[in-house]
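Just the one chain here, the form predicted alone, laid out as structure tokens.
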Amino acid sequence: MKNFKFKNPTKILFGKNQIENIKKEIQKDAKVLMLYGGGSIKKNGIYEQVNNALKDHDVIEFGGIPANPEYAVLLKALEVIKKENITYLLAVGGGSVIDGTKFLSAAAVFEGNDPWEILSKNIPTRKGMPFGTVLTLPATGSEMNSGAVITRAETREKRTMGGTGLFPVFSVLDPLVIHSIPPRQLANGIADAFTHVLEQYLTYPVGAYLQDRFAESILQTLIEVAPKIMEDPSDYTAASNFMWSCTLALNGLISQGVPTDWAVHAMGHELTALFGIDHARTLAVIAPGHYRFNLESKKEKLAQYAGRVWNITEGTTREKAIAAIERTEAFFNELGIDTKLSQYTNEYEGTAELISKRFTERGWLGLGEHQNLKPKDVEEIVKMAY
């Protein structure tokens, strides 16, 4: 196992009716900006619960943050923060709203002239404006980590950001919110969390036995609860295990002491930026080809994954590795997620070359756990996804 330092300062309020306790987590003299998305929280009761909890606080609202949080929309929220002298942010939503709030946390204290530099120059945020979250859609794990991804429509870009100052102060995880989530978004959440684990697990062995089993247990739990969640989102036991699995998949725990990949996400982000495809579905499109392309360097962990997670025990290491990739793709299909780019757009020709060109222009030296995947390799992987 590799050396590591680990600190996660986010306080979790998990379980039924925890939203009412946010009044104890935000200081009374704070001026709060509550951020949310398309307004579904006003239909499922969450909006009312949050407002009741904060009835004694000074709260201003900003709604309309879209899926794949849009930079131009966030700039409007930033204007509100400065005009109204906001001192505390509250994200009420899924990963997109939380990611957008992280950008605002950073931008609110940014001393440069152009907030886009936080993303384009990958400037880490050491201390941002404090914020909490009320999670409404399990998927990204953004409620307990310090990373974010922001989209800029005018340039068709999707960029990452982060820093130690961007952990939520607290996050409310109430599994009761699951019952109102549409099936497509539930499937996306399962696939997103599943792929988060694979990015930190399917690399190469370093003797991190406990970390491997943490990762495998999350994968096994997601596989077990997936059909239950899809059939009955009001199943509290399934919902609670689903929600906590999504959080643990990307709160930093399983990445400690092990190599991590993240090439699937890098390529997937480009598909979302170019075609507007749901983030989780871009991961399902890219992942099978990525693992096939890198089979030789990943076959030991793929075979381990085959045996421990999918109970595939017959065959050579290579054969088990290939079977694991096939079973993973089948799992995505069982969730109702297509795994070929041509199933989402007819304009896929030239996509691989364009993504490769973008990576070259950004000066990326290499992707993957070995940092050895060059833009030409990315081109081949994306073509495998057609």
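Numbers follow the displayed sequence, beginning with 1. Remember, predicted model here, so these are calculated numbers, not experimental data.
There is also a form predicted in complex with a small molecule; it is not shown, and the following applies to it.
Undergrad: Heavy atom within 4.5 Å of the small molecule in the model of the complex: which of T260, S217, Q185, T87?
TA: Comparing distances to the small molecule in the model of the complex, the residue within 4.5 Å is Q185.
Undergrad: Looking at M34, I337, I325, A67, which is the one with a non-hydrogen atom within 4.5 Å of the small molecule in the model of the complex?
TA: Only one option qualifies, and that one is A67.
Undergrad: Just one of 72 to 80, 292 to 300, 232 to 240, 98 to 106 has residues with a heavy atom within 4.5 Å of the small molecule in the model of the complex, so point it out.
TA: Flagged stretch: 98 to 106.
Undergrad: Does each of I118, G132 and S171 have at least one heavy atom within 4.5 Å of the small molecule in the model of the complex?
TA: No, the whole trio is out of contact, none within 4.5 Å by any heavy atom.
Undergrad: Taking the small molecule as it sits in the model of the complex, is S180 in contact with it (heavy atom to heavy atom, 4.5 Å or less)?
TA: Within the cut-off, so yes.
Undergrad: Mark R281 yes when one of its heavy atoms lies within 4.5 Å of a heavy atom of the small molecule in the model of the complex, and no otherwise.
TA: R281: no, not in contact with the small molecule in the model of the complex.
Undergrad: Using the partner position in the model of the complex, report whether G38 sits within 4.5 Å of the small molecule, counting heavy atoms only.
TA: Heavy-atom contact with the small molecule at 4.5 Å: present for G38.
Undergrad: Heavy atoms within 4.5 Å of the small molecule in the model of the complex: does N44 have any?
TA: Yes, N44 sits close enough to the small molecule in the model of the complex that at least one of its heavy atoms falls within 4.5 Å.
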